[in-house]
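The form predicted on its own is given below as one chain in structure tokens.
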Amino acid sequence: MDVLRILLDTDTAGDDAIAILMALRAKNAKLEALTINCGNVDFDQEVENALYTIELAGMSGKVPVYPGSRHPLLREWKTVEYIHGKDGMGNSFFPKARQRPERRHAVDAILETVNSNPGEITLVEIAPMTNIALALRKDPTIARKVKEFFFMGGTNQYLGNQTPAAEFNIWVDPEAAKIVLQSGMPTTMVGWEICMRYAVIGESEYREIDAMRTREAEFFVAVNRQVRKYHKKVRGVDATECPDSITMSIVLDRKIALKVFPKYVEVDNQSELSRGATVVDDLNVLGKKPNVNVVYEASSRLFRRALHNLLRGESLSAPAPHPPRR
């Protein structure tokens, strides 16, 4: 069986961590490295969250973590600790992992990994795209050397979650997203609407997950705790969404994406009103060549099976710190 070699770019908060665990536990994949981008919470905390997740999985020292861009290309942005918790992990405040981050910058790590393994590396983006845009600016030839590029971000004819028009990952650095989507990489988009339609975990499912009593299930409940509180307070619903983990589940099992169509996708980085909006030319009115394979439908059943299999996991292969129960 061919092994899927993944390089994952993340702004590690709760659901990012679950996506990382999926990649680490997949039988058909190898997580080559994690690169960290500015986004959800304080940058150094994002790095620590990635390192802790690797240790929780019993993989300490086996997957390098490369710190990257601390700021978007041109604009300032606001982190969202009020959604994810001060630590980005549901205010769990896990202990510092034994593994330490690499000294090499994420952009250089991306370039070296792709250039050393042409046609073999699948890039997965679950953060703003600053690191990948800078890598493409430094060496545009990597666009034709990447096997595939998947990203969680944007929306397809759907409401944004950061502004009425924009999803957070694209909104943070629309200039970077524009560079990446125009690079020519074989790209697949998993938009915010796919998460909201097929990957929302509600109260009854939380009870089922909590009843699993595994380290992974307790970790899931812990890192999503603050997001769940936020939705209860602001939206009046007892639920959380899983955008990053459904994206990773699609990367690992393409059958989860039921309908995928090639479309021309552009990023608006001009208007303040719609900054970060992804404009999907669904009817081909622009007559431009498609540059993105857009996921239109996904299997909630298959995603949940993948998630629940992960959360029912047996004891880790190496001792790991036990997440606190609150």
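Residues carry their position along the shown sequence, with the first being 1. Keep in mind that this is a model prediction, so the values were computed, not measured.
There is also a form predicted in complex with beta-D-ribofuranose; it is not shown, and the following applies to it.
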* May I ask you to state whether residue 243 is within 4.5 Å of beta-D-ribofuranose in the predicted complex, using heavy atom distances? => yes
Q.
My question is simply whether residue 169 lines the interface with beta-D-ribofuranose in the predicted complex - judged by any non-hydrogen atom within 4.5 Å.
A. yes
Check your understanding: Looking in the predicted complex, any heavy atom of residue 192 within 4.5 Å of beta-D-ribofuranose?
Key -> yes
*Is residue 40 close enough to touch beta-D-ribofuranose in the predicted complex, meaning at least one heavy atom pair within 4.5 Å?*
yes
None of 146, 126, 135, 177 but one has a heavy atom within 4.5 Å of beta-D-ribofuranose in the predicted complex; the exception is 126
In the predicted complex, the residue from 223, 152, 110, 251 with a non-hydrogen atom within 4.5 Å of beta-D-ribofuranose is 152
Testing 96 to 104, 136 to 144, 199 to 207, 159 to 167 against beta-D-ribofuranose in the predicted complex with a 4.5 Å heavy atom criterion leaves exactly one stretch, namely 159 to 167
Contacts from 65 to 102 to beta-D-ribofuranose in the predicted complex (any heavy atom within 4.5 Å), listed N to C, are 84
